[in-house]
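In the block that follows, a single chain appears as structure tokens, in the form predicted alone.
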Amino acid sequence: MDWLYPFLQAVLNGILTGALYALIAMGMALIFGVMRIVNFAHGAFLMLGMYATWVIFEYGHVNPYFGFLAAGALLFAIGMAVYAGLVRHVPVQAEFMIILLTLGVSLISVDTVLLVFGADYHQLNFALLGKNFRMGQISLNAPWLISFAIALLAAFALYFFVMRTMFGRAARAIAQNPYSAPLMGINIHRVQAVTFGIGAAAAGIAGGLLLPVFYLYPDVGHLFNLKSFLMVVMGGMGSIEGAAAAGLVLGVVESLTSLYWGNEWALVVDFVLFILVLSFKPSGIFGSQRA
């Protein structure tokens, strides 16, 4: 039975990480589901959310578990501005231009942060960081547990907003048929602008929740950009519930991989899982559903 507790510990750690992955991926899946845009600036939005929470903590002395709300609001405004100023003016059919545009937004964001804050690594230092909850031989780090609980609530709130509100119905109508949606009185550009803002805010909130448990540096978003793309494709392009499920699965698989094979194999196993899903179910786990 010596293997049992390390296994359970790894699974629990993976679930804690997976909830944050799920929130990140749901933001990207929402944007793709409504607008058919693969947002390569998603990781940069997460990085901006981390820096916003860090600045609020360092200079305003606000706990990061409150500061992430301001980061989410800031990223919502940035997301709407990016849509209104850039994305709206590029035809949806010009997919390559959209990819270049979002990559450009990502590069500008990273370089701006690099110029303002430098390339140094940062990590929060506050009392909660070293606190652990123990259940027998199982130990859970308090910041990870709090980030998990908030990310879970945010993910359910996002799902409820998309599936149960009038705005969500309008967004899903555009996702199903963007040409007939205006005939139903739906303002496409307003709904898409708010959707892009919500997707960016989800990344910003996830960034704020990652800050207490992760190192902060200008390129941190690139890692999560790639992972969120894998999760969105595995879950089914445009399916927010599929992206959430894929995030949880990826979190647990990475944790078990790190336990038995080492951290360096985690990304390799992610891609193997990605290839297997595409090979046996090319539309993804929830491929038949759309946000």
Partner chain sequence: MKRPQVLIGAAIFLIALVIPVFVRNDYFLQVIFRLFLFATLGLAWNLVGGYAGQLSLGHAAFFGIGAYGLALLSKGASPWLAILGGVVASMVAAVIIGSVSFRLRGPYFCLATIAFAEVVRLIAKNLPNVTGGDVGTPVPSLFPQNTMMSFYYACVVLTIAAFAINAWVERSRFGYYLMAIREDEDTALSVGVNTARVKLWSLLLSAAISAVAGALYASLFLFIVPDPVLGIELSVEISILPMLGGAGTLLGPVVGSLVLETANEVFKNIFKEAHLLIYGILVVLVVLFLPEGIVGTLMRKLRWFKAAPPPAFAATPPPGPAEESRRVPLPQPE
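Positions refer to the first chain, counted from 1. Whichever C-alpha set is largest while still superposing within 1.5 Å between the two forms counts as the rigid core. Remember, it's a predicted structure, so these values are computed and weren't measured experimentally.
What comes next is about the form predicted in complex with its partner chain, which does not appear here.
Interface residue remark: Gly104 is counted as part of the site for its partner chain in the model of the complex, having a heavy atom within 4.5 Å. At the 4.5 Å threshold, heavy atoms of Trp265 reach its partner chain in the model of the complex. Using a 4.5 angstroms limit between non-hydrogen atoms, Ile56 is distant from its partner chain in the model of the complex. Its partner chain in the model of the complex comes within 4.5 Å of a heavy atom belonging to Leu115.
Note on the interface: of 61 to 69, 45 to 53, 31 to 39, 243 to 251, the segment with non-hydrogen atoms within 4.5 angstroms of its partner chain in the model of the complex is 31 to 39.
Within 4.5 Å of its partner chain in the model of the complex, a heavy atom is found for all three of Val90, Leu100 and Asp111. Contacts of stretch 66 to 86 with its partner chain in the model of the complex, defined by any heavy atom lying within 4.5 Å, are made by Leu86 alone. The two forms, fitted on the rigid core, differ between this form and the one not shown by less than 2 Å at the CA of Leu16.
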